[in-house]
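The chain that follows stands alone, in the form predicted on its own, written as structure tokens.
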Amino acid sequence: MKRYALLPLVLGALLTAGCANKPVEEPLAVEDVASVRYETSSLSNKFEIDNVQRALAGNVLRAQVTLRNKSSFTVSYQYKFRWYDANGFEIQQQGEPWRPQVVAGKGETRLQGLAPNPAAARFEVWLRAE
């Protein structure tokens, strides 16, 4: 009986220690989720957006999107960045070519883009199946 009296304390301590070490993930901002678009809708089930970063390279917007392949299978796809000015007008429509990309099962990939000029205020990265 004495042996079992300490069991709730031990389980509580283990549970507390496990929760204390687990990093808290903040949800992505709505703007970040909206920056990834799918021309092939089935790809939306295959990827998870891990991170979206923006920075200036001089006075030009630079972007990086980190995607994680949720499946166990290799995924081949294409992507391209589209850039928009502060008023929402697309800069250089159809100007950027589709780029092929392959990510291994459960793998991670980073897509990087550099705006064509300083007028770019936001971006979208589009994905489609090959």
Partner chain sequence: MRVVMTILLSSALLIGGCSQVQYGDSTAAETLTVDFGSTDLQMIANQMVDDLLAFPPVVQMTMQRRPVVFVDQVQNRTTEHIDTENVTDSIRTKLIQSGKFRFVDMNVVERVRQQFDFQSQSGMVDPATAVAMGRQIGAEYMLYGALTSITKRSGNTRDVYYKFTLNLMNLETGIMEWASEKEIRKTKSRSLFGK
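Everything quoted here is computed from the prediction, not taken from an experiment. Residue numbers count along the first chain shown, from 1.
Keep in mind the form predicted in complex with its partner chain is missing from the figure; the text below concerns it.
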The unique member of Val60, Ala34, Ile49, Val102 whose heavy atoms fall within 4.5 Å of its partner chain in the predicted complex = Val60
Looking at 26-34, 78-86, 40-48, 65-73, which lies within 4.5 angstroms of its partner chain in the predicted complex, counting heavy atoms?
-> 78-86
Counting only non-hydrogen atoms and a 4.5 angstroms cut-off, does Gln92 reach its partner chain in the predicted complex?
-> yes
According to a 4.5 angstroms non-hydrogen atom cut-off, is Ala121 in contact with its partner chain in the predicted complex?
-> no
is_contact(Pro116, its partner chain) in the predicted complex, heavy atom dist at most 4.5 Å = yes
